[in-house]
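In structure tokens, the next block holds one chain alone, the form predicted alone.
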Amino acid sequence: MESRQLTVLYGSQTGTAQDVAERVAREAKRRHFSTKVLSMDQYPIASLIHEPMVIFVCSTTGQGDEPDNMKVFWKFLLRKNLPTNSLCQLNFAVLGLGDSSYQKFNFVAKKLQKRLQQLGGTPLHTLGLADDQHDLGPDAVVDPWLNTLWNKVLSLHPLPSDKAIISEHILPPPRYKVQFVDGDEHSMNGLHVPTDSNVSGPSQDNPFYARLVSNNRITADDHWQDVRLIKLDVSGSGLSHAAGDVAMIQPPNLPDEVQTFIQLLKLNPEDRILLQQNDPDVPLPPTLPQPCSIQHLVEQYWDIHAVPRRWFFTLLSYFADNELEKEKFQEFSTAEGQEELYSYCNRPKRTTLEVLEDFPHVINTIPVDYLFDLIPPIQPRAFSIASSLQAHPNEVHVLMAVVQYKTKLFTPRRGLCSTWLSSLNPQKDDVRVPMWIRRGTISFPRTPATPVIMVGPGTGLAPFRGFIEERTTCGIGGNVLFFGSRNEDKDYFCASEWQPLVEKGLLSVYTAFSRDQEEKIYVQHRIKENGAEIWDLIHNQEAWIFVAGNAKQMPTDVQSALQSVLMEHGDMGETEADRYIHSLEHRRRYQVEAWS
């Protein structure tokens, strides 16, 4: 079995790449490979020189940055002193998961493929570039890519003569063994607060429970969007942050959905379970108490609010007794059924709970053991920190739009974390929010004399509020802010904070309120209008430019406006202006942080 070893390594920010990596591992096990799945930073990288075959699955975050759980791995791989034949024994394949609405689509996968080849690795397969924007989602690329991969893998490592590929119709074993425990045994319900004194600081496995100081709506009551400025007290946490850093917040499920799920599956919330490993390569979840109540699992762990993925329906097909339900699950599990699955699930953002409500026969046939395979853990949410420690010691501020929108479904869609946070009232209770800090993808200039141009429409303002506070608290000027929203009197965030700074000469503010006049005006229009000043700042004063906000169209429009400024005021042609912007990007003087 030595030659039938396969390792799957992933870099995942939101859980999607991990989900695909686990799919790769399941398919490998069906082909009788001894398979382990790890995040790249969990993997002992010195072992890579001994690996015969590795499949890498990675996403791209921020401005072409690697996910948090592959940063150490990637830094090591980039060492210049690594011999060019380091990985000459390695057969590998790289599958990238990206979003083509971002400028640096699948940038990390492309860099990883190139570096592995530079170090002597042999690609088993062409680089896979899955796109979240495709009508059928990433599976449109993942499915055919994997089919070709397995053909190539089996040509190198044929099945043993006495083995056949395990049928997809055979149920794989569950991730964990679940054992119910007696009611008199000690258990901790509610929030699990780890007490490991060896932990280095707050993290996903060991969050800090920050006290909620305030939760204020900063848009007009009659405005279409509810935007909150949330303040958290992090005293005693040991947390520190700089401008551009990110607050990671771990939300629970919403109370009404918890109640519905428990009733739907006829679970006893007071029952408690012990988890045991069922596979030596799959560790137990580090944040779950042992024993753990069903109430805790439904409230704090299983992501019943998430839109289920294809594997969810594949698993349900094994348990379904009702023929109509079974047929539908099987259809959703096939490559041919992905368009219909997308229309049923992804397009309307139907949640796991709602899907289970739509299939009433299967819900009482699902073994508890398989709920851990069926429903992934709740993922933390990332928010750019909107404050500075210089201005607000021991506090972290978050500027957050409460997500709510309509699809074809009757019930409006709600963002899990923003809905939960907006419901919290610090006046009524001592409210705690589990959180930790992640280094951001934006890096601001360290030299105080460097002017900074910040383009932050809507909640894209968040990282710039923190940076403006950081600089102006120290009396540093040269701060230029372009802010855009719909109406000056309804959603001009933090307006009262800017005026004193403008009067002191520390800040210049240019606003674009798109609905306050007949013709819509956006930040890119203000950039063009003030082209002479922007050209002077960029070319003569070596200003840095930052853009943050919605990824849809704004970053592209802003870049086009900057290109126009360079052409008009810098007397450049289109190609020269384009090269100039790329040069700024390369030197980190032009940075974009956008989200979809």
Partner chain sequence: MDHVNPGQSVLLLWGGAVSGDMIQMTVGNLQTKVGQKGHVRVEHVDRLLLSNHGSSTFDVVLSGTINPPTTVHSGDVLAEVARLLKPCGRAVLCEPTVSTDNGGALRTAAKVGSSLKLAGLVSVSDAKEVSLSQQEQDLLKQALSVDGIRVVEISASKPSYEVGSSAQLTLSFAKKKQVEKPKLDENAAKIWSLSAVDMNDDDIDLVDPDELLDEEDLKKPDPASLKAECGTGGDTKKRKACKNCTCGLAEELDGDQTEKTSSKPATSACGNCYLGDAFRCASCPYLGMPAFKSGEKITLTDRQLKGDL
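As the structure is a prediction and not an experimental result, all values here were calculated from the model. Residue numbers count along the first chain shown, from 1.
The following text describes the form predicted together with the partner chain, which does not appear among the structures shown.
Candidate site formed by 201, 213 and 369: none of these residues places a non-hydrogen atom within 4.5 angstroms of the partner chain in the predicted bound form. Stretch-level contact check against the partner chain in the predicted bound form with heavy atoms at 4.5 Å: of 527-535, 48-56, 555-563, 28-36, the positive one is 48-56. Although the partner is absent from this view, residue 492 stays clear of the partner chain in the predicted bound form, with no non-hydrogen atom inside 4.5 angstroms.
In the predicted bound form, none of the heavy atoms of residue 424 sits within 4.5 Å of a heavy atom of the partner chain.
Shown alone here, residue 328 lies within 4.5 Å of the partner chain in the predicted bound form, counting heavy atoms only. The closest non-hydrogen atom of residue 80 lies within 4.5 Å of the partner chain in the predicted bound form. The contact with the partner chain in the predicted bound form, taken as any heavy atom within 4.5 Å, belongs to 344 out of 344, 301, 319, 420. Note on contacts: among 163, 515, 75, 217, the single residue with a heavy atom within 4.5 Å of the partner chain in the predicted bound form is 75. In the predicted bound form, 121, 122, 123, 131, 133, 134, 135, 136 are the residues of 120-137 with at least one heavy atom within 4.5 Å of the partner chain, listed from first to last.
In comparison with the shown form, the Cα-Cα distance of residue 590 and residue 72 decreases by at least 3 angstroms in the predicted bound form. Note on residue 72 and residue 441: their C-alpha atoms are nearer in the predicted bound form, a change of at least 3 Å from this conformation.
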